[in-house]
Structures are given as structure tokens and as C-alpha cells.
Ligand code: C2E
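Below you'll find only one chain, the form predicted alone, shown as C-alpha cells.
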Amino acid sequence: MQPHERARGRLAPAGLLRLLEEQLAHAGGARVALLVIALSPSDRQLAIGRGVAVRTVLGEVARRVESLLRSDDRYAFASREELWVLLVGLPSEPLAELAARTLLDRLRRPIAVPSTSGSAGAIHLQPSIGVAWTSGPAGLDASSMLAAVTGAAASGQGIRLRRLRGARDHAPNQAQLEQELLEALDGNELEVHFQPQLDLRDGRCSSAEALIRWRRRDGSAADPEAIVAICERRELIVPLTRFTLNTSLRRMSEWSGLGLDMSVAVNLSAATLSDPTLPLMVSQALETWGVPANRLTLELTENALIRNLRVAAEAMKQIHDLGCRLSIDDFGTGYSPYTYLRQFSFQELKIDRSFVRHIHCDDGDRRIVRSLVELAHAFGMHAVAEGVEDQESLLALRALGCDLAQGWHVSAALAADDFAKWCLARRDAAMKRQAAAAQP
């Protein structure tokens, strides 16, 4: 029996592979993930059964998958016991893992089915998931991507993630990049830039996001995601976080001397959040630079939370007790439940750029952003939109009641001195406008 009629986001296997091929052939190189899910029921009923029970199980699997996917994501049943899911346009690799973990959790929940005697029974799936992720023009094709994770899905080991590199990626270059980064960290050669966040209520800028930057010896700018990935592999993510945190607080202290009392958000990775020394690191840095704790925001992704909820909860409680603000990043991607908003004390919700990009011309994205803004306000949080690239999007966000916005239209991330000049120039211009308006 083939799975039941077509549903939202559902494709035939051949159709999904054609779509994957198109994504991989994109001129700029698409950021995509392919999930191969082995359903592995606890008995053989799904494989050999017929009738209502099988239709019920497959229908419920489809429903659970559809409830997770975004509008552009697709899935296909390769067989009764294997499912393919294509996630397109992902902002980052951790979101692919987050989607897989959330799917794993949902598919493990028992599925009620009628038995031959008419009484209710249940089938317990034991899924395992292989995840292949790629970004940029990696020279891959759909078949090789599928082959890379089919075996991983059948391993029965939960989730196995592979980052794929194509023929144009060279291991020696990667090794060279890692060695250069290790030397740059040791030589204090990295920089922290600051992207302004505009208050949509009054046009002021009193906050920014800290972003790591590194210019290599050949003059090229390294991908920030690559910097973080290398530091995680080489167990240097905590030193990188310490550098970013202390550099940000030092700059904030300097800006205070110029009359700029700014708040800054620093990103935390899953590994940093799991480090038991994190609260002490934050406390010592705040004391060293004399910055009030409520001017420091720590951004956490849903993926960082899901890695180790118990450790994350304890670390976040201690950080919250220090007086720091907490922000949940990349929210709205559709891959995790709202329960985190009830479980943790966030003061800020960041709306993913994928919903902001076309907000001025796409009714669906506008409805999603409106609901996320309302959700943030219902939990007493500020809503921050990232990826604002034009004036139309900025005006649409303001009309929806969004609190803060950041993106190229507001400003690119700036070096610390340039950021201070940008803020001072903006403040002076606002004061001149106010003075002119007050003239009789």
C-alpha cells in the first residue's frame, strides 16, 4: 500500500529529489538539509499489515511531519518505513539538527490504532534519522547527498549529522584555515563588530548585537559560521565566547565615557551553555568592566537549549539571577515548541530573517510575524526582527508593533569605533530635528 493522498508539503520521492537537485544547482549554492528517517516500528505491523491500522499510522506520521515543516519544506514517503524530508533556505546548520531532534521526539510518541478485535492499541515507532547538510556551491548532486545519509538513518542510533563538502572543497585548505584561526585566537587578532538595533517606536538606537569577525592574512574575511564551527570542533568555543564577552563589555565601558549607554547582545553556543563555568565567566566580566548586568543580553538558539535542557536551565537561572537579559534567537523557524517560552525567563524574542525578508509583499509572512510579535508581548518580551533589508519591511514591522529591528537597511555590523560614530551622528541629527521643531 502506498501512503495516502497528497497533503501539504508532500511530494513523490522523484519530485523531492528533483527539487533537491535544483537547490544544489543554485548559482549561489543553497543552504539545504536532507533528512532520511527510518521509522522502525516496534513490531512488523507497519511493514506487512493492511487496512485501517497502516493507514492510521502513516497518516499520523504525515500529520506530525507537516506540523513541523515551514512553507517551503517538503517531504516524501520513500516506503512505508522510510521518509525523506527536505529543508531549504536554512539560516544555519544547527537548525537542521534542531529539526531532526524535534521530529525524533514527535515520532517516538505512541500512535493509537484500532486492533482486529475493535479495541484500541498502539504502535511505538523507534525512528533514527540521518541528516546531510550543505551550504554554498559544494558540487554535490541529489543522489550523493541521499546516499550519504541513508545508511546513517538505518543505524538505529538516534540522529547522525554529516556536513557534506563537494569536489571544490579541499581538506588542506580547511586544515590551513583551522591552523590560522588557532594562531589568530592566540594572537588576539579577532575582532568584534556591532550591528545596531533600531527602536521602531522612537527611532533611537540603544542596543546592538556583537558579531565575531576575522580578516585572514590574505586579506579575505572568514565566514563567522566557519569560525564558530572550527572552535567547537577544537574545543575552543568557551575561549571564543570569553573573548567576545570581554571585548563587548570593554567597548560598552568606553562608549559610556562618550555618553552612549548601550546594551549589547552576545551569542551563546550549545557548548558554551553547557559549560558549568559560564555564569562565573559572565559575573567576572561584568565586574571587571563595570557594566550593569541589565545592559548585557545573552542570545540562545533553540538548538542550544535542546542539547541539554537540565544544564541549560541551571545556567540560565544563574545568569538571570545576575540581572542579565536573555534572548531566544532564530525563533519562528517552526522546528521547536513554544514550551521554552513558558519554561525559561526570556526578555526578548528574535524573529528569524526568513519571515522578515518578504514581509511587505507576502501575506503569509506578515501573518507569521504578527503572531510572533503578539506571542512575544503576551509573554512580556520585546520582539526583535533581524534581516531587515529595505524601508518597506521596516515600515511593515513598525505597523505590526515589532519593538526592534536590525539588518542591512538599518546598518551593517560596524567596528567598535565606527559604531560609536554612527550612534553619535544619529543622536546629534535627532537633537537638531527636535530643536528645529521647537522653533516658533
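Model, not experiment: these values are computed from the prediction. What we label the rigid core is the largest C-alpha set whose atoms superpose within 1.5 Å from one form to the other. Heads up: residue numbers just count along the shown sequence, starting at 1.
Keep in mind that the form predicted in complex with the named molecule is missing from the display, and what follows is about it.
Asks: Residue-level question: is residue 299 within 4.5 Å of the named molecule in the predicted complex, judged on heavy atoms?
Replies: Contact with the named molecule, yes.
Asks: Might residue 134 be said to contact the named molecule in the predicted complex, defining contact as any heavy atom within 4.5 Å?
Replies: Contact check for residue 134: no, nothing within 4.5 Å of the named molecule in the predicted complex.
Asks: Considering only heavy atoms, tell me if residue 88 and the named molecule come within 4.5 Å of each other in the predicted complex.
Replies: It does not: once the named molecule is placed as it appears in the predicted complex, residue 88 has no heavy atom within 4.5 Å of it.
Asks: Flag residue 388 as yes or no: does it have a non-hydrogen atom within 4.5 angstroms of any non-hydrogen atom of the named molecule in the predicted complex?
Replies: Within the cut-off, so yes.
Asks: Counting only non-hydrogen atoms, choose the one of 223 to 231, 316 to 324, 252 to 260, 197 to 205 that falls within 4.5 Å of the named molecule in the predicted complex.
Replies: Comparing against the named molecule in the predicted complex, the contact stretch is 223 to 231.
Asks: Looking at 148, 211, 142, 177, which is the one with a non-hydrogen atom within 4.5 Å of the named molecule in the predicted complex?
Replies: Contact residue from the list: 211.
Asks: Work out which of 348, 97, 330, 73 lies within 4.5 Å of the named molecule in the predicted complex, going by heavy atoms.
Replies: In short, 330.
Asks: Is it true that 244, 269 and 353 each have at least one non-hydrogen atom within 4.5 Å of the named molecule in the predicted complex?
Replies: Answer is yes for this spot.
Asks: After the core is matched up, is the C-alpha of residue 279 off by 2 Å or more between the shown form and the other one?
Replies: Comparing the forms between the shown form and the other one, which are aligned on their rigid core, residue 279 does not shift its C-alpha by 2 Å or more.
Asks: Kindly check if the Cα atom of residue 224 is displaced 2 angstroms or more between the shown form and the other one relative to the superposed rigid core.
Replies: Superposed on the core, residue 224 moves its C-alpha less than 2 Å between the shown form and the other one.
Asks: Just say closer or farther for the C-alpha distance from residue 316 to residue 91 in the predicted complex, relative to the shown form; it changes by 3 Å or more.
Replies: Result: closer.
Asks: Where do residue 91 and residue 270 end up in the predicted complex, Cα atoms closer or farther than shown, with a change of 3 Å or more?
Replies: Compared with the form shown here, the C-alpha atoms of residue 91 and residue 270 sit closer together in the predicted complex, by 3 Å or more.
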